[in-house]
Structures are given as C-alpha cells and as structure tokens.
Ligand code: MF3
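In structure tokens, the next block holds one chain alone, the form predicted on its own.
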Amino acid sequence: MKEKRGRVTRDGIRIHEPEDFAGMHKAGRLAAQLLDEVIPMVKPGVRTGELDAYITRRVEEEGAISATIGYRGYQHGSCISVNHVVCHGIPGDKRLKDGDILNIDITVIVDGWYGDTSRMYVAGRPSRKAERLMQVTHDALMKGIEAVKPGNTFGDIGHAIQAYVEAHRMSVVRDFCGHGLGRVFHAPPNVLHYGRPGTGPMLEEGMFFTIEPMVNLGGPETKVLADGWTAVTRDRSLSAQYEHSIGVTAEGAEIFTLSPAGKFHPTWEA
C-alpha cells in the first residue's frame, strides 16, 4: 500500500499528519508485545524455527499481517540473528546453546501501518563481553533517539551513535541502516548509524523512521552468505542490534515500539 497522506520533503521524506501517530502506536505496540511474549521461550535447546513459528502464529491470531513473509521471497515471520550474525538471520533447525545471544526482528502490519522493532535476547547467561556489547548497543540506540528533534539532522543521529560506540572500543556496522516507514515497509530516508553533526536532511515534525544500530565487538565489516539474506561479521566477532520505530514531534522523538512489559532491554539474575 502506498502512502498518500501528508507532504514529501525535497529529500523524499514523507511528513505525516498528527492523527497518523495513533496508527503507528497500534502497530508498534503489537510488534513489541510479541517480542515480550517470546522472552520465556528463549533458552538453551530451543530451535530458532520454534520461536519464529510462535511469532508467525501470534501475528495471525491478532488479525495482523507479517510484513516479512513474502517480502523479496523471504518466508518467515521474523529474522533471528545469533552471535556473529549481524542481521537477517533465517530461523530454522539451529538449537540455541547456553550463552548464545540473539536478535529477533519483526515487522507487523496493523490497519495498514507498519510496526518494526528488534531487540536482544540471551539463551542462559551471557559472557561478560556479550553482556557489555548488548549494553553498549542498547545505550547507543537511546543516544541516537535523544538526538532526534526538529532542526537537528540525520547526521546528528548517526554521530551520537558512532561516538558512543567507538568510545567503548566497538564498531558500528555501515552496510545496513534504518529507514523511513509508515504505510510502507521501507521509504526514505536511509538512517545511517554513523556520520558528522549537521549533515544530511533536517529532521521535521511528522517524520517516521527506524533507528536500529548494529554494533560489533570487532571490526565493522560484514558479508552476506550464499542464502542471500544472512549477514555476518567478517571477523566472526559478536554482533548486537536494537531497533525502535519513532516519530518526530515538536519536542523530540515519540517511540512507537516501547515494550508493554518494560523488557526491551534484557536483564539477568545476579
């Protein structure tokens, strides 16, 4: 479905109407709710395909549509990326092992609006380096969101993320980025997770887009496997990602994909 509401900037970015925020909140909440629901299922021995089957069934039960099933030939309701897989991991027969970290990424369509979000999970207990990686990645996303306000630029978002990550001696993936969305899955702008302050299009109230930094413990280089989807770190280092869909308001950013259970960030028992 193509967007028709609101105006489009000279950079091709759609400016949505105030009433459009409600639709994005509804879609974003469902996506976040489903990611909450799978938390107790993520444990050693579970197949990634089992997690995907649950998500796919629940999307249907909620009367929503999976945006990923059928997208460019993809046939799953989620992407599940384990350990050194950066993004677009294909669910299957792989069983999780103790200490594995994984990103689960889903996009649902509710009443024509797209809710897109991902977060990190742990099977068992993470290593200290994995825990630190996930913390830095989560905090980098929030630094990027803090940079969102009318008058700032997309370069300000990227710079905030990059500076934070590199201060912790980790690297930002450059081969993938966030994107505009609304009544379409992907639209302008490309939201880079690195950059220089004051560069790129200016943020305006009514813009909808994702911020979804991918952070590696090693170098930023990636490669896509022969399946055409799975992206991995070239040096086999661990990778993590967090993603929110947001809308720009007069005051800053409104997050559409907040966890209803307050569990967007994984917590572990001492």
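Predicted model, so just to flag it, every value in this text is computed and none were measured. Residue numbers here begin at 1 and follow the sequence given.
In what follows, reference is made to the form predicted in complex with the ligand, a form of this protein that is not presented.
Residue contact with the ligand in the predicted bound form: Cys79 places a heavy atom within 4.5 Å of it.
The ligand is not drawn, but in the predicted bound form it has a heavy atom within 4.5 Å of Thr107. For Thr48, no non-hydrogen atom is located within 4.5 Å of the ligand in the predicted bound form, even though that partner is not displayed. In the predicted bound form, at least one heavy atom of His186 sits within 4.5 Å of a heavy atom of the ligand. Figure note: of the listed segments 24-32, 215-223, 65-73, 37-45, the one touching the ligand in the predicted bound form, with heavy atoms no more than 4.5 Å away, is 65-73. For the options Lys143, His88, His84, Arg132, the one in contact with the ligand in the predicted bound form, meaning a heavy atom within 4.5 Å, is His88. Checking Lys94, His168, His179, His138 against the ligand in the predicted bound form, a heavy atom within 4.5 Å turns up for just one residue: His179. Using a 4.5 Å cut-off on any heavy atom, the one residue of 109-128 that reaches the ligand in the predicted bound form is Asp116.
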